[in-house]
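Next up: a single chain in C-alpha cells, the form predicted on its own.
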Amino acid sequence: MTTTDLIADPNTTAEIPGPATPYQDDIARYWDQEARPVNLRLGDVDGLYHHHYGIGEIDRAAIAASDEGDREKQVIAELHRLESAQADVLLDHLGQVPGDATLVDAGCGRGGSMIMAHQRFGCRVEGVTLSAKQAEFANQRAQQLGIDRSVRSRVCNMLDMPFETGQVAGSWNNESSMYVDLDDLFAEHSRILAVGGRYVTITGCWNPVYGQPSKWVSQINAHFECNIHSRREYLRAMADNRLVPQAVIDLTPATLPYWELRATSSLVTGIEEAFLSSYKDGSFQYVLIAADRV
C-alpha cells in the first residue's frame, strides 16, 4: 500500500464547519497542498502516516547497507520507526484507556497516531483537522483497515470541537498546538474531557531561559507558517484551564538522533539546520506534557 492507493472519497469526511478566521483559512490551504516526501515516503513503510518527528537512538545495524540505494531505503525505514516510537511515548502517557472510551486527536494530520491509539486501546478515536485533504486521507486509510467505525477524522476547528462536554477520556496535540492560542486550546480540551481525563501534548517550544525566540525559532515559524509558544506559556495556560501537569519531560536529547539522521537523507527540506542548531544552543526544546483534568 502506498499513497497512490489513498484516493480521496468525499463521503468519508463528516461535513463540519472548518476554518473560522483568515489565518485558519491559510493553514487549511497550506496543509491541503502539502505533499512532502518526508511525510509520505515514511508513511509508505507500513501505512502509518505521521506529521511529527521521531525520538530514540538510531539502530546503526539497520542502516548498514553498503549499496547507496539500499541504505537510503533503510534510513527511511529507520526514520519512520523513530516517529512511530514518538507516538508510542505519547500514547503511553494517556495511561489506561477503557475499550468503550473516546479519545480525540486535535490536529490529527493523516491519522497515523489515531490508528495506533485504536490498535492499542480498542476504543473509538476521533480526529480533527482544518485540512479536508488530510481528513479524507485518514478516513480512507481507516476504511482500508476495516476500522472506520471506530476511527474517524473530521474537518473542523480544534478550538470548537464537535464533542459533548465532559465525554472524552483522553485527548492530545502532537506537534499541532503552535497553530492556535493556548488559552483557547486548553479551554476547549478542558471542556470536552471528563474530570480525571488525561491530556497529552508533544511539542517544540522556545526556552524562556534563553530570553526570547531565537533566529532559529523564527525560521521554523516562517517555514511552517506557525507561532511557536514558550514552555512557560504552556504551563500557565494549562493551570488557567483546570489541566494539572502530571509529567513534564524534556525530549530534546531523544529527538536529536532523528534530526541528525534525517539531515543525511534524501528527504531534507531545508529546515534541518534550524532544528539542530536551536536544540543544541538551548533556545528550543522538544517537550512532553501530560496533564489531568480536575
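All residue numbers refer to positions in the sequence shown, first residue = 1. Keep in mind that this is a model prediction, so the values were computed, not measured.
Omitted from view is the form predicted in complex with a small molecule, to which the following refers.
For the candidate set G107, P213, G204, G197, a heavy atom within 4.5 Å of the small molecule in the model of the complex is found for exactly one residue, namely G107. For the marked spot (L130, Q134 and V180), a heavy atom within 4.5 Å of the small molecule in the model of the complex is present in each of the three residues. Within this chain, E175 lines the site of the small molecule in the model of the complex, having a heavy atom no more than 4.5 Å away. Although the partner is absent from this view, S171 stays clear of the small molecule in the model of the complex, with no non-hydrogen atom inside 4.5 angstroms. Among residues of the shown chain, R262 is not one whose heavy atoms approach the small molecule to within 4.5 Å in the model of the complex. A residue is said to contact a partner when one of its heavy atoms sits within 4.5 Å of a partner heavy atom; H50 meets this definition for the small molecule in the model of the complex.
Only one segment in the set 187-195, 68-76, 154-162, 94-102 has any non-hydrogen atom within 4.5 angstroms of the small molecule in the model of the complex, and it is 154-162.
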